Structure formats: C-alpha cells, structure tokens
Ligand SMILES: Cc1cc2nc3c(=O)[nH]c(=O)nc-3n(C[C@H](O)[C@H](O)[C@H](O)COP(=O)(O)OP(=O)(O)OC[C@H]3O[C@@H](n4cnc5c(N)ncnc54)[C@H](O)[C@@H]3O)c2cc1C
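Take a look at this one chain, the form predicted on its own, written out in structure tokens.
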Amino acid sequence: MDFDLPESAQAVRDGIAAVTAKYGYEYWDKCDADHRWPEEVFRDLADGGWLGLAIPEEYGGGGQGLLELAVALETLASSGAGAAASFIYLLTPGFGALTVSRHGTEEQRRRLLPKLATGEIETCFALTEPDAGSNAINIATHARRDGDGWLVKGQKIWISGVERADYMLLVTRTVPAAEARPRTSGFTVFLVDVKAGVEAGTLSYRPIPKMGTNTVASSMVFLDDLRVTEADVLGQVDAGFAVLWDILNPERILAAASGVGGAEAALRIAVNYATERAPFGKPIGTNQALAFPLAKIKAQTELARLMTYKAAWLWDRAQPCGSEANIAKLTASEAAWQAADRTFQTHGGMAYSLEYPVARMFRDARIGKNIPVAEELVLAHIAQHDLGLPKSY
C-alpha cells in the first residue's frame, strides 16, 4: 500500500522487514511454546532505533508518529510474530513512550524517554480490574493523600509485562466514583517504579495461565499502600481521564495494526499450503470454495489497514479519532480471526499439528476480538456516537 504512506512510514516498513527477515515462524513458535520473551528481536529493534520511533529527536528518538509506529507493528506481526508483536510495540513504545512524550513533565521526559528509546527501561499499563473490565469509570483502585504524596491500594488484572517493567502507568481514583462530578473526573495516572514497589512489599503480582500469547505474562497485580509522590504524577491530578484516552486510542490503533499484520501472516501460510497441497492431482487452491474465502479476507484486511492508517494519522495531528480507532480495531481483529480460522480450515487435519504455526496463530487471533476492548462495546460506541442511537449501557 505504498500510495498512501509517507516516505517515513515506507522506510520504517522496509527497516523492520530487514530486521525480521532472519526470524521465521519457527522462532516465534518456540518463544511461545517456551513462554519466553523474544529477546533477540527486541534487542535488534532497540539497537536499530526502532523502539524509539515516536519519541521526539531531542530525547534520542526518531521524531516520527503513531502512524510509523503502527506500520512497524504491522510489519513485525506480518513477519510471523502475530500477536506477539503487540507486546513489543505496545508495552514500551506505545504505553510508555507515547504517553510520556505527550503528557510527561520536562523532568520525566528527560529522565525516561532516552532510556525508553533504547529499550534500557520498559513499561506496562495497569487499568483493568476484576470488577471493572471495560468500564473504566468504575475502577476501585484508590490513591489517598498521605503527607506530600499518596498511598495506593487496589487490585488490577490482565496486566501484561509487569514482570519485565521498570515503570507502570497506573490508573487510579483520587476522587471516589460516587463523588466525582462529572464521572470522568477524579482520575490520576501515576508512573510507578515497579521494582521499588516490589522491594518495599507494596506491589506484588501473580501470572495468570493463558491459552496463548505466551511470549509475555499477564498478571494479577496487588497494590497495598504503594507510595507515590507528586513527581510520579503523569498529567494532572484528578484530570487523568485526558491522559487515559491518549493511552486507549493508540492502544486500539496499535492492536488494529497487529491484527492487520496477523491476518497477512496467516493468509501467507494458507496461500502457500493451498498452492502446494495437491491430493487430487491439482492444488487445492484451485477450488473456489477454498479460494474465495481467502480472497474475501484479503479484501477485509486491506480495508482494515486503511482505517488503521487513518486513525493513526488523525491521532498524530491531535484530531478526534475515537470512532476511527474503534472501527480499525473492530475490522482488523475480525480480519485476523477470519484469516486464522480459514487458514486452519485450509490445512485440514494438519492444522492440528504443531509442526505448523497455524495453532499458535489461531489461539492468538481469537483473543483480539476481546482485547483491548470487546467488539460488543466497540459496536455500542459506533451505534451511539456515529449513528446517534440511544446509549445501550
């Protein structure tokens, strides 16, 4: 899709493709099977400056935007990484670098961004709670004033990468939901030193056994009077919802980029197999019953790619992009799932064999329909905000 990409994004695509060329599907299969972070790829990306793409140049980054970051993630996912690519580009370049670049103080930028650009420090993001999944308004994790700082108490769930993270972007309530007017007020986002919290015994975590995406752990996180200070505030006290939306929209856009890349990776496997497999004397890909669904998924993937690029382009220009981010996430996750499902069907019984990467991509693509936001809530948002229908929840 060169026609709609600036030269900077094309250069990113080519550069990431060069890095990933030496890592095939087998590499990613083994990382997932061994529950191991893809350290070799991460280091190569860090050494090449690809993690700091969206960090301003004065802090050691590439000075690019979310569009270039999305292209990097899409290219990595397409190389065979699939959903594993999401964590590499979401956890630190996305959650950490983008948010600190846009909302951090000058001291926070100078202290953190150069190290985020090189992968020397890593970040994770903590919003979801056991009783407040997609309904962020109802989070119960609370930071109460204590002297010149706060003490944070609460619990988070499905927090990916906390075991690697140096800093956690922690979303708290500094005004209880029942007292907040409007309800979106009273949020504060803190930059938490994870290792200091663990050493102090005020932050702990427990990995959750998962069906897939096992290159990084996802954990329950427990906060027991975790101390934070004014220097740890990201954005403004009680006004953290603006920061939160600048995390959630890029998260959905980057998740969409991962879906687009994952769909391409799955389709490539399906097409290769359909071209080579000839049990009745001719390739099974000559059968329209098999070829047409794959062709339809290719069309869906291209449409999802364009919406992903549009959403990222809008975010880079500080324009409203909530609807575009949601539509990108919805269409890309569906394309990724359909691609994985049809790739499974194309392989017949061999899809069940771990000799092929089909099973990994099948598992990983399915969760994309539920995270970072369930598709039902995306549809509810589109119905209300784009069609003007009454709010349904």
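Residue numbers run from 1 along the displayed sequence. Computed from a prediction, not measured in an experiment: that's the story for all the values here.
Below, we turn to the form predicted in complex with this ligand, even though it does not appear here.
Asks: Tell me which of 363-371, 323-331, 59-67, 29-37 has residues with heavy atoms within 4.5 angstroms of this ligand in the predicted complex?
Replies: It is the stretch 363-371.
Asks: Tell me whether Ser134, Ile157 and Ser218, taken together, all sit within 4.5 Å of this ligand in the predicted complex, counting heavy atoms only.
Replies: Every residue of the spot touches this ligand in the predicted complex.
Asks: Answer for Glu376 alone: is it within 4.5 Å of this ligand in the predicted complex, judged on heavy atom distances?
Replies: Glu376: contacts this ligand in the predicted complex.
Asks: Within 4.5 Å, heavy atoms only: does Ala126 come near this ligand in the predicted complex?
Replies: Yes, Ala126 sits close enough to this ligand in the predicted complex that at least one of its heavy atoms falls within 4.5 Å.
Asks: Answer for Thr202 alone: is it within 4.5 Å of this ligand in the predicted complex, judged on heavy atom distances?
Replies: Thr202: no, not in contact with this ligand in the predicted complex.
Asks: Using the partner position in the predicted complex, report whether Thr213 sits within 4.5 Å of this ligand, counting heavy atoms only.
Replies: Looking in the predicted complex, residue contacts with this ligand include Thr213, since a heavy atom lies within 4.5 Å.
Asks: Could you list which residues of 379-393 come within 4.5 Å of this ligand in the predicted complex, counting heavy atoms only?
Replies: Read in sequence order, the lone residue that approaches this ligand (within 4.5 Å, in the predicted complex) is Tyr393.
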